[in-house]
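Take a look at this single chain in structure tokens; it is the form predicted on its own.
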Amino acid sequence: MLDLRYIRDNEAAVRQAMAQRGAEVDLDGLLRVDHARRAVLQEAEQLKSERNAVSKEIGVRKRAGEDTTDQQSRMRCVGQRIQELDEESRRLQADLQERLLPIPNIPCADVPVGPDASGNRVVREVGTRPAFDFEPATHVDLAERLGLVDFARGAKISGSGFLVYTGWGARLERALIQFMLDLHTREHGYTEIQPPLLCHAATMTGTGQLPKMADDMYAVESDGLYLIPTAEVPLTNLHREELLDRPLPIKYVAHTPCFRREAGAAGRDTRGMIRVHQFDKVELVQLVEPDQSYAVLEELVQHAETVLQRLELPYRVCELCTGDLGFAAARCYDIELWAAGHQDWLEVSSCSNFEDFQARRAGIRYRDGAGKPRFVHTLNGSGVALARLYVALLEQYQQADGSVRIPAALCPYLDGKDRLQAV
């Protein structure tokens, strides 16, 4: 959530930022309600000051035996008006909150300006895309041929966009997850968390999923709960409405399933594992002091990159432009893997700095060096997401005989097995 005072004092800059994002925002309505609320507060404050002064005067006059009937009658009217103003202030405050919640974050000043993904900037490309002396298969063909994923039974159980991992396919998924958790906890200093997979509306609002992305989430309407779209939601909200009494940074990692409707998915990506409604992800979240957040963002990207480097997969890092930024992000890097069979780049990680946008919504503060409460900056990044990692691994390491080689970093997690092949 943006600071209302910042909007009020920097209206032109906010309008420009929203235009660069392509966001339609009713700033006029917001500022009109803000003006009305401040006028109500000012009148209420003046009347309360008058009531306090007159109440003292009434006390003095009563002790002197003077008649105070007219003044008491006047104060009853003043008290009634104060009550009306307080009620109006609460109504206007709720209106303000409702108008603030759909406004996206302001992009960092040097984020590339662009209308959509076409304006994103490739920061670096790492590794060499594989060259094959045979026609590479897609992950769908490989997974079915090797008995790793049962697409048909996943659809039979839950519909399109759901998968059943089987045998060594399930073990490969588990090995990837364990490898990433070990890396981030042992080498990168994150504390592992196993959070709930269902969160209520206040939690979803805290990280910005509500109200903006309500249609993309799975809701359990009878209970007012939502299946999490990412572990970012519960991890960040661990400290919702807290004034932190522990040193920063706070670093959390979690493996969870993630649930997304992917309502706009269409075309070839609906076949296989590239766009699915349920997938596993290892998520990284940090809560940091504001002056450290952009250095931490670069660190977070490196932590995600390390996963791909250890697996020896070619990838690239892209900085998102204003028109492609996520709702809550001030700056975001996407990390994309090359999928040889698919012949395309697949996003497996988004690393974002939200500055204090989420912390304002969720009420997460710390005390600075002077002891003053301030909002933390929050960051998150996929470290990394499956099933696209799975796709890229199968397609990268496929062999001419139809088998798939296991990268060395994963072999210890698969009992030393170094190849997947048809039985």
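Numbering starts at 1 and follows the sequence shown. We call the rigid core whatever largest set of C-alpha positions still superposes within 1.5 Å between the two forms. None of these values were measured; they are calculated from a predicted model.
One more form of this protein should be noted, the form predicted in complex with the RNA, which is absent from this view; the next part is about it.
Picking from 39-47, 23-31, 390-398, 376-384 the stretch near the RNA in the model of the complex, with a 4.5 Å limit on heavy atoms, gives 39-47. Although the partner is absent from this view, residue 363 stays clear of the RNA in the model of the complex, with no non-hydrogen atom inside 4.5 angstroms. The closest heavy atom approach of residue 156 to the RNA in the model of the complex falls outside 4.5 Å.
Using a 4.5 angstroms limit between non-hydrogen atoms, residue 5 touches the RNA in the model of the complex.
Shown alone here, residue 140 lies farther than 4.5 Å from the RNA in the model of the complex, counting heavy atoms only. Screening 83, 194, 118, 302 for any heavy atom within 4.5 Å of the RNA in the model of the complex leaves a single hit, 83. Only one of 261, 246, 90, 124 comes within 4.5 Å of the RNA in the model of the complex through a heavy atom, and that residue is 90. Here the marked residues 51, 58 and 76 all reach the RNA in the model of the complex, each with a heavy atom within 4.5 angstroms.
Comparing the forms between the shown form and the other one on their rigid core, the Cα displacement of residue 71 reaches 2 Å or more. Superposed on the core, the two forms barely differ at residue 368: its CA moves less than 2 Å between the shown form and the other one.
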